[in-house]
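Just one chain follows, in the form predicted on its own, and it is written as structure tokens.
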């Protein structure tokens, strides 16, 4: 599903985009069960499933409805920089408002549009695995702040009721939806207000030639992924000019075994 003109307009205007219900109910149920056990009974899972993006959650790595968007707003050469699962209970938060302001030129987090094409340095994808309403306390954004030319003003950085910015917005969506936002957009995880926990997976994607996050995925989880999914964690380089012609670090080349597997011997 290539981005529609309306989706491009929304993403460029607000800094985020919702694609509702891209996962099936069975997919959602399997991933929720996995995260529940990761958080509360990890020994009930095999080692390769004890963290995202292993096990059922591996379908999120390269879901077609996600990758098609990323190819348009990052480019065809994408890495999965970082991923983590959220199990947020009523009353819990996930960080204050941060980001936004004059960072469009930053090669990691920046945002710009040139010659009719969006260039977003790093894009976070939230996979919401429970139904979300605007008042629940899911991720919220200061819309348009990804293109702001002045630093975020303190009057717009409160999450307290009655003191929130008029530009602070959230979303609502059914379980199984994907929310895309540029990391240069001012965003936060406010207090979750529902009795039902918020269950989500947050993936950070970036261009193959940049690297911000240190890899923290357990070695057993990476080793348990199919090679075509390991490819999204391949080394950060685009071209190797020691060969003639230059070797390009493509997914196809990695999948065919022309590059050693991703390093699974690190310590998280």
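Since the model is a prediction, treat every value here as computed from it, not as a measurement. Residue numbers count along the first chain shown, from 1.
Unshown form predicted in complex with a small molecule; subsequent notes refer to it.
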{"query": "Contact at 98, 181 and 188 by the small molecule in the predicted complex, all three, heavy atom at most 4.5 Å", "finding": "yes"}
{"query": "Segment assignment from 158 to 166, 67 to 75, 87 to 95, 112 to 120: heavy atom within 4.5 Å of the small molecule in the predicted complex", "finding": "87 to 95"}
{"query": "Among the candidates 32, 59, 202, 45, the residue which, in the predicted complex, approaches the small molecule to within 4.5 Å (heavy atoms)", "finding": "202"}
{"query": "Candidate from 83, 177, 145, 139 lying within 4.5 Å of the small molecule in the predicted complex - any heavy atom", "finding": "139"}
{"query": "Any non-hydrogen atom of residue 124 within 4.5 angstroms of the small molecule in the predicted complex", "finding": "yes"}
{"query": "Residue contact check: residue 79 to the small molecule in the predicted complex, 4.5 Å heavy atom", "finding": "no"}
